[in-house]
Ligand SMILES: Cc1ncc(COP(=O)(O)O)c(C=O)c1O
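There is one chain below, alone, in structure tokens, taken in the form predicted on its own.
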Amino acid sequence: MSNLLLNEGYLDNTDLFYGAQDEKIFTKNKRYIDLSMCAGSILLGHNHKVFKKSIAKFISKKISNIAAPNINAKIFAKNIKKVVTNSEKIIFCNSGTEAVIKSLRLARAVNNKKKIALVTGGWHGSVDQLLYKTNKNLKPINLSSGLPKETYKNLILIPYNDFKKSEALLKKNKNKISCLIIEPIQACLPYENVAKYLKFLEIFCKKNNIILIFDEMITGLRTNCSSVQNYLKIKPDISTFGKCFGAGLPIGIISISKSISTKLQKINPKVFFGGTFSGNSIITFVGNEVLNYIIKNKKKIFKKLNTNSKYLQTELNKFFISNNLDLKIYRFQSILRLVYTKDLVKDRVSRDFLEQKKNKLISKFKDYIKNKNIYIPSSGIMFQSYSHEKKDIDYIIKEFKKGSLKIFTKNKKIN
């Protein structure tokens, strides 16, 4: 990610980050309020006391990585099941991308079908089979060079939150589809009707022998110490997690249901899941220590996260409306996104279409915010942490108001 940012000119040499503490990240000359939190991976804040204590504890116990099954992974898996209650078995990976790759392999092994139904608008890491976006006609568009030409032929692109088109495409291809993969909450786009849409997908997949995969890299644990599937009472066959479970360290997790676990035991040859650092002692030990703290203190942690996030959303949206600004903040739990239109946005395609004429203004706004020592990640997705205080939120609100008024209207008065 760092090289990409440098190549895009987002950060120059003086802006390279070298450290962080609580809600701030540091360059050589500046401190920024961080609205990335390591792409949503850090829930408590940078270098939180529990994280640092767990590292010291790991060293004092003389634990080391041994590239073999270890007690720390077993203990961590047991604790993960406390918050991911639909899980029969946990498989550790080195990253979210790896977890998705192995989930697709697992799906093909279980039902011996080739095609993948990819719900548009989500992000599933650097996975060749899924590195596509779509236009309004559902034609695949490469997100990267170097993808095998035949890859997209096994893809069926399903429009997010569109019942009619999704059902038609699924019915037409139901006997060929191995799995359907979806990021249930997508970068804080509108949440209306999504619960019904996800339930529709669950019912259709179960009826037609299609494995339903929920990619909850971002929402796992961040959703009130649980997951979107628990929150909405939906039971996917396979789920992928990571980010917050690693407490800021790299991790990928595959969670499989009891039904898939039973089928998996009967497959020969066995599905390969190995990797030198999969489920390694360092990350599983530290992750478990932080997870225990979050579980123990979940009421106060998530009350603060959600209160601050709602306050930020409410205050800015009130301001945008009162000043007739073509902007809106969307939110799910402690995940937020500023969308540069107040028009109806139902998916990523409509959002991109409505924002495309404002690219220069959007770039100016981001520069303004960065110059006010607030860091917005290039993805545009903003995350709150337990270390963000109300004074930080008030400062963010103040500068977002000034910046939006300066960039997006000639009216300079702040209501």
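Every value quoted in this text rests on a predicted model; they were computed, and no experiment measured them. Residues carry their position along the shown sequence, with the first being 1.
Heads up, the form predicted in complex with the ligand isn't pictured, but that's what we're talking about next.
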Inset, instruction - Spell out, yes or no, whether the shortest heavy atom distance between residue 125 and the ligand in the predicted complex is within 4.5 Å. - result: yes
Legend entry - Distance check, residue 217 to the ligand in the predicted complex, heavy atom within 4.5 Å: yes
Inset, instruction - May I ask you to state whether residue 96 is within 4.5 Å of the ligand in the predicted complex, using heavy atom distances? - result: yes
Legend entry - in the predicted complex, residue 222 touching the ligand (heavy atom, 4.5 Å): no
Inset, instruction - Name the stretch, out of 337-345, 116-124, 166-174, 81-89, where some heavy atom lies within 4.5 Å of the ligand in the predicted complex. - result: 116-124
Inset, instruction - Work out which of 315, 183, 202, 289 lies within 4.5 Å of the ligand in the predicted complex, going by heavy atoms. - result: 183
